[in-house]
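Here you'll find one protein chain in two forms, each presented separately as structure tokens under the names structure 1 and structure 2.
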Structure 1
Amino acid sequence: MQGRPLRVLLAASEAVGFAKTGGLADVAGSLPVALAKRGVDVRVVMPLYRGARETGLCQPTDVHLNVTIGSQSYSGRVWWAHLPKSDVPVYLIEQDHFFNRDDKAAGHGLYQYSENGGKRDYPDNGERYIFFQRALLDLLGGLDFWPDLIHANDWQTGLVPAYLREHYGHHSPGHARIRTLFTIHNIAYQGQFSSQLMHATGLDHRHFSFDKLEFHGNLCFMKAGICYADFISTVSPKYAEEIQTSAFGCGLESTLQVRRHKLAGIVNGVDYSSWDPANDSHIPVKYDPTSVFRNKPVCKAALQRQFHLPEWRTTPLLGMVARLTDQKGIELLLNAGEEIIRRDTQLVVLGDGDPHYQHWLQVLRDRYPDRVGVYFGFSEPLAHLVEAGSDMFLMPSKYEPSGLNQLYSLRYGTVPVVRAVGGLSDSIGDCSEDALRAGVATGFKFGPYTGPAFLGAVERALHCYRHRPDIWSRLILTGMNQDWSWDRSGGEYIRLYRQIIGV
């Protein structure tokens, strides 16, 4: 590395600007930009999905690949682009049989397709991402780009560390020098496949053992990443602790306990160029810490109008933007919803997901039309307005590896009420006397995953809002002045990268 910058290849199955299903895309699209600003020579590699090709941002190269999966050979070609609003190169691997299938109108996503009202994984997901992982490692010689470290993300890249150590590293000096970091974004999604797929990996069957790739008789891509990577990270320090327990580890807790000395947590960052009320084009008036108390009420009134609610200025307005799934604590919201409303509040919910949850939220809306507003689906402008117009933001998650909305809420002066799990615990300071004295209180937290515990945290927040406006103002300003940018996260990742490669 003498006289040259640190070289990093970030491998992910999706990235903002090209393909997105969740927070992984935000990381892959934002972290490299922050790294590049700090002088890292960073590149991104991902599949060329149909949607990515249709953006018009990608151009084909003359780099071609040929990958063998089992007894079948598949050809591919490399395309390139830049991450939006940056000079960071993105390499997109074309293979139409595997990746040219996403079509929202037809119900075909990146990893799943719709059938009979539900979603099912593509039956060849294992082969699809074996191809991707083998191809990205073959790609390095064709590009003459040899990274010091490959930053692999989630199960779709979990075999990369195993391939480097057990296959490529034995045949190529360039590959042998590469170190690996494997990041777990959500341990619930593990990439488990039939043991018969082991033949397709090209790895010797002796690696299919309980201490390597085998997991309850299946081949587990995520376990491969945990066992073979030089270091493991996840998206918050608290989540790094939680996934070593049976309550959160989804069966991989003992594997992580063995490697706990090689496990760290770094909270994801926020793209403040998109999420900052001082320059947000989606809200009726902009504001910052000097104007929040004057202009935020204007946003609140606009949000109330948007959801057809009375414009009650002093009534606490509680907002929520979430996938309507079990993970996000919708069950707790429904259990405590009527009690919250009876405390003279208004509630707005934006999200899409489980029809059961949608039904009961609609029932709540119909029962309290001047108190509850719902929008089923997702709207980027409306998500910004919910953040800007709400007095409080609810995140009663069952688990939350990192979380982003609580970080958005801090910047928008919207006080979070969260369950003390994962990134929510790490990023929100509970409104206690000690935290207030230390100047780190920014919201309200609760522990047990129960309706009464959630309701108790909401009641604490409501009492503060109504009876301690001085403390409420301090919570708002402390949150707005915190730095949860990708620049902060990028600095932590660079320190970890250097630790891994020993420089």
Structure 2
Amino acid sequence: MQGRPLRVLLAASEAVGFAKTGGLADVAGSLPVALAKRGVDVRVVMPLYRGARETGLCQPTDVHLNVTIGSQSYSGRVWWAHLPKSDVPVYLIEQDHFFNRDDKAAGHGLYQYSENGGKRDYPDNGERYIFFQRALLDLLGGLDFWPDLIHANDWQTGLVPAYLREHYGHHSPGHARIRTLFTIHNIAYQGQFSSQLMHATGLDHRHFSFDKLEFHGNLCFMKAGICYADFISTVSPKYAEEIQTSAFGCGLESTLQVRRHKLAGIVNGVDYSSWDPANDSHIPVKYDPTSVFRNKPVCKAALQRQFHLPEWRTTPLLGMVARLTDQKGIELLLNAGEEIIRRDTQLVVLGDGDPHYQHWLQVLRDRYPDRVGVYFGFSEPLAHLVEAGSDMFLMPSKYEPSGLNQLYSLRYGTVPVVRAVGGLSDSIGDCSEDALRAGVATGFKFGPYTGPAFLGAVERALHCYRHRPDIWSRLILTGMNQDWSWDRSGGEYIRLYRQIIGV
């Protein structure tokens, strides 16, 4: 590869601008842009979901594919687009049976659908992502694009390193040269399927062993990624440590311990071209560190109006934007919620997910209509307004591999109150005397996963907000002036890619 740019194919099941359920989409849509700016020839591959096609941004190519899954053959076609605001090519794999089914109105998402008031995984998710992974390896020949490295992300791409090693690499020199990085964004979602799916993978049954594809009698895509990738990364140094313990490893801790010399943690970056109050088109007035104290209150009033709350200027407004899942500590919010409200606060929650949590948040809203605002669903514009209009941002996560919302909050001058886990621990400086003196205090942290511990951190934040405006302003300005851009973590990824490839 002397004299030519590093070539990387980033494979992910979602990317912002085309399909998004969480932070993985933000990473897949913005890391490549930062890599391209540093001269990497990087391209992205993802499925062509219905929503992605409906953006009108994607064009069909004449590259067609045929993938056999078990005894059935499925045809596909490659579409093409650019990542938003960039020249980075995105290949989107069309296969109507597998990917043309998302429909918000009907409750059909990318991975799950609604049924009887709950959410269920599509029963054919195994086949869907086997198709995707085989198709993305097949398309390299069709496009004549031979990357030095495939950067795979989460379980939906965990088989890629296994396919290269045990299948494609045996008969294609182009594939045999490709190295792999497997990034774990969330080890709780593992892509575990019945062992019968081994047949559908086309991989030899002898690889269904405890050191490769087998996990508690099932086929596990996440484990495949961990065992076969040349290198594994996750999205913060702290989470890289945590997942090697039984408290966070979800059963894969010993598999990770075995490979710990090939495991690194890199905190996610922020795409400041989308997430910066100085140029955010979703908020009523823009601001930066010089105008935050003048303009942020205008955003606060707009947020209160949007959530049908009284426009109380000095009442602290606490915001939260999250997938409503166990991971995000909604339980703690429900546990401490009333106590928080009794301390003369307002709370807004934007979330999509578990109907059970929605129900309890709605109950809280109905009981305190002047204090609580909720919106259940996915709304990009509202997510920006919550970041800009809130005084504090709540992330009481049970675990948090990296977390992006706290990084957005820093930029928006919204003081994060977080549990000290994973990327939250690595990115937020607790408001202690020492941290204030060192100029690194940006928020409030708590340890134990309990309602009282969470309430304690909120109380510290409220006390500071009400009685120490000097310190509060410092927290805001320190956070706003920090640099969490991809310039920093993009460089770390490039170093890692080079180390893996050996150049």
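Just so we're on the same page, residue numbers count up from 1 along structure 1's sequence. Between two forms, the rigid core is defined as the largest C-alpha subset superposing within 1.5 Å. The shown structure was predicted, so the numbers you read here are calculated from the model rather than taken from an experiment.
Of the two copies shown, the first one, structure 1, is the form predicted on its own. G413: CA moves 2 Å or more between structures 1 and 2 after rigid-core fitting.
Superposition on the rigid core between structures 1 and 2 places the CA atom of F378 2 Å or more away from its counterpart. Note on conformational change between structures 1 and 2: two rigid parts, with the smaller rotated by 11° relative to the larger (from C-alpha fits). If you overlay the core, the Cα of R343 moves by 5.2 Å between structures 1 and 2.
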